[in-house]
Structure formats: structure tokens, C-alpha cells
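What follows is a single chain, given as C-alpha cells, in the form predicted on its own.
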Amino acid sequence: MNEKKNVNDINKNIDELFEVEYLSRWRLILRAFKRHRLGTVSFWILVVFYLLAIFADFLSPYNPYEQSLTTRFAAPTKIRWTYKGKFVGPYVFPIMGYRDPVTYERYYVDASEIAYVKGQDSNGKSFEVEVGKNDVEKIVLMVEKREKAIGEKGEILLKRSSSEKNMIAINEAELIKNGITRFYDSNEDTIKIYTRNPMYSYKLKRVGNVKQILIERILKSLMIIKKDNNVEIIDSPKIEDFDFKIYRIKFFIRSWHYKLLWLIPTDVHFFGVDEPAKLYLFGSDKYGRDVWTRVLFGSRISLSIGFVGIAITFVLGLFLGGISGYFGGWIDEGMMRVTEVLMSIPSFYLLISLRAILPMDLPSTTTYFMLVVILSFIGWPGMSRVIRGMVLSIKQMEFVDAARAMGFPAGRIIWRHILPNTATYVIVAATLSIPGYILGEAGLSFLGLGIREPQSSWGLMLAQAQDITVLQHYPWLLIPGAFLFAAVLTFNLLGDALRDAFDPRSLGQ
């Protein structure tokens, strides 16, 4: 077994020696990069992020600027897969909002509609009604609720929740299976119940030494609404079976209009549901806008600002650093003193000061452009100093002396012979610099000095989660922060992987 292992190691070493000898440098760099597991995973995560940003319109079920004040701060929609024990595919129920009369907290419960009823009327005649058949547009169950105190103490089915002062936590195994979705204790004498099924009676007991409450919901009549306002009423029916209307999640549906890849007009979206149901994958914000949609559109600004920023920063850094290092003398002295002055100014305060100079009523596109300029203005001095040091070393090499001897002008020597030899550092430094631009934009937008409503960026969305009350009751508003954290972390890991891949020792040289 040891002999077999030694033979495998020898063959592996032979293969590596062959690759080092005959593969190009870029193939060797790619081989070294693939060996870095975290870097490879980070690369593909970033690919997914940028694909989400590019196709944000197609992947968004709602318009990012569409407001719905009836669904403010709605929790992420619960997606169901089975109905009555059978797999039926992904679907949702519509939601109905309530506000607690004591705490004024807003919450939502399922508001399912009856789609099918089977039973007998008061005369014993069988009936079967389904929405969509025989011109039936809606089925309404008319119920009567009765409340009665019938005793004291007894088995406790309810207990107060420690996190919600006026809410009641329930025994889910006993009650939720019958359709209760949420209820609260509004005063000392009444328990209010919201349920999808009004045809059951529930016997509930209060906490402690209070009273046992009997709550009944008695079905009085069945109202069948047909087209042309025709209404049929069945009094005191005996229900044998019924179904709720479910709203299936559909794919490749038609909704709001946009331009795919900013060129092709269309209204096709990857997924969505029919009204009045809502599909909020990440919940909704204080204006009732879909957080998932806003995250996708915000990624366009948060992820693109890094590439635009380094494009400006590195062009300035390469140009000024290359000239300063090649020519030296008073040119080098003047440029370095300018960079030292800029680097001595605290970047955060410079960022805020430069943004404060700009008018607050600028359009969002102009604000975005100015943010890039401000961030680039801060970033180029450090880059130029590093490039200048590399140029001072490279210009002493023989191939640069040969280029001078052949009479090449200084500009060609700098751009064709010196700066290309700094490409390794530039690629790695650019990857590691992008997170700084992303965080800079997020910080400005979070402070209200960057992107403003109704536009979207991850920093601007996090500004909604500053209030501790919001964080306590609506934690899904922190989801943009998770995307921001993931983007910054993956860029840093990718930069580390590239740095190792460009290291000659990792190439076997």
C-alpha cells in the first residue's frame, strides 16, 4: 500500500513539473486559483450576485417603487406546499392586517376565501357549490359568534408570552390545527379570535384564577354570489366538506413593464401570484414595498459602484504614479507632496464634507455619479504611491534600458513596458479595494447623504432599520445587511485567492 502511495506521489510530482514547464503563466495562475477553495466559492457567489443585479427586473415580482400601505411591515410570506395532506405545489393565502388596540402593533393573518362548499340545506336537500362554476363568483359564510362565561379555573390552554405584553401564546397542537391563526386578549373579559374556519366551536380557558370562556361560531347561512349581482342564500346549512381558495405561485407571469437588459421592452417576470394575494419573500418595508425586489434593485448600485470607482481610481493611480516614478525630480516631489496632503485628511470626514457641498435636491443618477467621484478622489493617492515605488524598481531593469536605447518615447516605455509589469498587483489591489467602495456608498446612504428615496441601495435600506423598535418587530429589514456582509466578505476572500494565485511560489516557479 505504501508503494502504491509513493507511485501516486511520484506521478503527481511529474504532472506538476510538466505543467510548470509547458503551461502558460495564465494557465498556471488559473490552476493555482482553483486550488483555493474559499476563493473559488466566493467567485461563484459574486457571479450569482451580479446576475441577480443584471436581471433584477425579470426576477422581481413587483415594481420597486410600488407602494401598498395596506401591507406595511408585512412579514415574509409563508409558502405552503401541501393542502389537506396532499402535495399541490407552492401556494400562498392572502393576508389581512390587524392592529393591536393596546400596543398599536400591526400584524397580519391569513384571510382565505371559501372556494368550494358541499352539504345539505335546512330541508335536507344536497348542494355543491364551487367558485368559477355555474357563474358563481364568490361564496360567503354568514356566522354568528357567541361568548359565554361558564366556570372558573380549569386546565390552562393559554399562557402569556414573555416577549409580547398583551399577546397570548396558544397550544398549537390543540388549536392551530382547527384554523386559528392569531388572537389576543383585548381586556379582562373577552378573548378575540381570528380564524380561517368559522364552522368550529372552541372552548378556551384563561390564565390563572379567571374564567373559562366558551366561544362559539354558529353558521347561520350560506350566501352564493353569482354574476349580474344575483344572490342565493341557503339558511342553516349542514356543511359536509369545503375548500379554501389557494393562490398558486406561477412562473413566467406577466406583470409590470420594464426593459430587459435595458434594451428589450417586456412584462414577463420569473414568478409571482395573482391579486389579492401577496408574495413577499423577504417581507415588506414601511411603505409596503417588496424587500426582495428592493434588494435586487439596490444591488445594482451597491455592486456597480465598486467597479466604476476602481476604474477611475486605478487610471489616476497608474497614470500619476507611473509618471512620478519614471521621471523623478521635481515632478516626483510635487506629486508625492499632493498625495501626502490628501492622505493626511481623515477619509470619513472628507467624504462627508465633499458630499455636503453638493445640493441635496440632485437627481439620483447625478448623486450616484458624484458618489463615485468622491470615493475615487479619496482612493487614488494610496494607489499612486504604490505604483510609483514599483516603477522606481522596474525602470532600472535591462528591458527598460533597451527600450530607451532604441529611441522609444517616454510615454510608450511607461505604458507598454513598465505599467504592464504592475498588472499582478493592480488586479489583486482592485479586488481588495471594491469592498471599500461598497461600504463607503452604504455608509453615506445610511447617513442620508447618498442614494435617496425612491431609489434603492443596500445602505439606504438599512437606514430603515435604525430604530430599535423596528428591529424588534420587523427583523427582516436587516436582510440587506446580510447581502452587504456577504458581498464584502466574498470580495475579500476572492482578493486573497488572487494574491496567492499570482504568487510565483504557488506556480511552482
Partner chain sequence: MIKYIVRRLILAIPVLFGVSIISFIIISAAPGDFLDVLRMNPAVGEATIKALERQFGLDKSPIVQYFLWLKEVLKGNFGYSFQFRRPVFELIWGRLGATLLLTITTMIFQWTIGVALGIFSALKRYTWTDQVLTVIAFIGISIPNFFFALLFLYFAAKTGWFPIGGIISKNFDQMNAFQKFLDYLYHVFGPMLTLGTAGLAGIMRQMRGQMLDQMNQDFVMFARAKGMPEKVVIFKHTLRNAINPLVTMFGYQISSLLGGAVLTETVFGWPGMGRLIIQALLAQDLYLVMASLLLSSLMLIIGNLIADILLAWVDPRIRYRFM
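Numbering follows the first chain given and starts at 1. Model, not experiment: these values are computed from the prediction.
We do not show the form predicted together with its partner chain, though everything after this point is about it.
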Query raised in the report: Contact between residue 442 and its partner chain in the model of the complex at 4.5 Å, heavy atoms?
Result: yes
Query raised in the report: Does at least one non-hydrogen atom of residue 397 fall within 4.5 angstroms of its partner chain in the model of the complex?
Result: no
Query - Residue contact check: residue 56 to its partner chain in the model of the complex, 4.5 Å heavy atom - result: no
Requested in this report: Would you check, heavy atoms only and a 4.5 Å threshold, whether residue 454 touches its partner chain in the model of the complex?
Outcome: no
Report task. Counting non-hydrogen atoms within 4.5 angstroms of its partner chain in the model of the complex, say which of 482, 30, 69, 47 makes the cut. Result -> 482
Report task. Answer with one of 264, 233, 88, 356: the residue that has a non-hydrogen atom within 4.5 Å of its partner chain in the model of the complex. Result -> 356
Query raised in the report: When its partner chain is placed as it is in the model of the complex, which of 356-364, 407-415, 74-82, 270-278 ends up with heavy atoms within 4.5 Å of it?
Result: 356-364
Report task. Verify the flagged residues 109, 246 and 256 against its partner chain in the model of the complex: is each one within 4.5 Å by a non-hydrogen atom? Result -> no
Query raised in the report: Quick one: which residues from 462-495 get a non-hydrogen atom within 4.5 Å of its partner chain in the model of the complex?
Result: 462, 465, 466, 468, 471, 472, 475, 478, 481, 482, 484, 485, 488, 489, 492, 493
